[in-house]
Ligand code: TRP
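Quick setup: one chain, the form predicted on its own, written in structure tokens, and binding and motion questions come after.
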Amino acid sequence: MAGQTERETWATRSGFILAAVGSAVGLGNIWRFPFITGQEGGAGFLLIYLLFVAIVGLPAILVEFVIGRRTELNPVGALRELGGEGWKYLGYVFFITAFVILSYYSVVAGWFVRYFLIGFTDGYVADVDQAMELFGAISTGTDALLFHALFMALTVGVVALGIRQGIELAVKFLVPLIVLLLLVLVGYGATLPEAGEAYSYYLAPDFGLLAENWMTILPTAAGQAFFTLSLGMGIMITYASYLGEDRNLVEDGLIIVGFDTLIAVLVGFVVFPIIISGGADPGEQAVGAIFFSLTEAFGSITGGRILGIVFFFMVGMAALSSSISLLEFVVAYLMDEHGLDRPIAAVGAGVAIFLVGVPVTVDLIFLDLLDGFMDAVLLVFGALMLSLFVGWVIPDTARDELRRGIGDVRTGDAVWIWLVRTVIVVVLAIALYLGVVDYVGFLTTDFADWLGS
């Protein structure tokens, strides 16, 4: 049963921080963030996103940290131990969220691997129609299926090796490499001819556009903040459950949230100069926009082929660091609750997740269907319920756990718990309502049209 066997722990504090950063710094930052930012109009979305991170990000990550470290269990077992049998079902919501997100996340990651290899073989095309045709060939069909399988196999291999020998070693290599490559690309982006126009699009908000579209921007920004910080799906509960000593959770949380947000913002300084200098539209709303916009740009600008290879390699590494965390939650649940050995749990979960993702390799409408629900509805719902649980059901336990490792600061935990109880709950409730409205709109328009076609 859960908690009866000795649990693995992180070997070092840096291992925990890099793993949490690696979980946050993935496709959510490098694929989804620029795509969503462009779709929602640029700088106005960035402003709302940063506000969500500042107001909600740190308090919310601490909500997951205190639960994980207190119980040393996966989210299902942790919520059952702290709140009773009824609360374990929230843990199952997290389980489903992580499971489903990884199923389509792996497909998208496979696209990046394929584009990386194309840089060595055919190179990138400068014509937008050819770029869109290339994306169509890569995003569905046999290619998509094979690279989905390859990416899941890599993820399973790392997780099967365990916390210290697998995940910790991998992130200590991957995260510094991602940061180094990103900084190189930011420097290159600054030299491109349309960099000034790109920075204006990215950094100068159009408040009129923001006022007109706030009902879609608000839930999208909330979902993106939680997606990119790996919140609302139990990952940070799982990672914190491997903390073997008292740490200052506030300090670690600040580092993780700050690092993740900085990388997300830096990605915009890479992607938008490349897209605009290549003559593509940064506001293109198709799910594959970031792919055909970038490949068109890489085919148009000087040194674009090498730049494309470096960019797609970086994204592939970032995707792997995040997919590891998603699979680890599922594996931790199978080990804690069902007594499976780690390699068996990793392989079994990996195969099941791969199968759930197969429909996405057939038609991209399934990506919209899954991602829209996970991002705007289930992630926000999970975070809202967890905030209610910590703020109103176990506030004393949560405050006591937060104080471990902080020292004598007694007012900070009180401020935090009231932020969780009030501001975070209200913001998430509003974002959830708007997210449900937006998703119902998708079901009754785009998805209904697809069903009728």
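Residues carry their position along the shown sequence, with the first being 1. These numbers come from a predicted model, not from an experiment.
The next section is about a form of this same protein that is not shown, the form predicted together with the named molecule.
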Does residue 28 reach the named molecule in the predicted bound form, with heavy atoms at most 4.5 Å apart? yes
Any non-hydrogen atom of residue 293 within 4.5 angstroms of the named molecule in the predicted bound form: no
When the contact criterion is heavy atoms within 4.5 Å, does residue 228 count as touching the named molecule in the predicted bound form? yes
Is residue 346 one of the residues lying within 4.5 Å of the named molecule in the predicted bound form, judged by heavy atom distances? no
Please tell me whether the candidate spot formed by 106, 151 and 361 is one where all three residues come within 4.5 Å of the named molecule in the predicted bound form (heavy atoms). no
Testing 361-369, 229-237, 265-273, 177-185 against the named molecule in the predicted bound form with a 4.5 Å heavy atom criterion leaves exactly one stretch, namely 229-237
Have a look at 78, 376, 326, 297 for me and say which one sits with a heavy atom within 4.5 Å of the named molecule in the predicted bound form. 326
If you check 222, 256, 331, 101 against the named molecule in the predicted bound form, which one has a heavy atom within 4.5 Å? 101
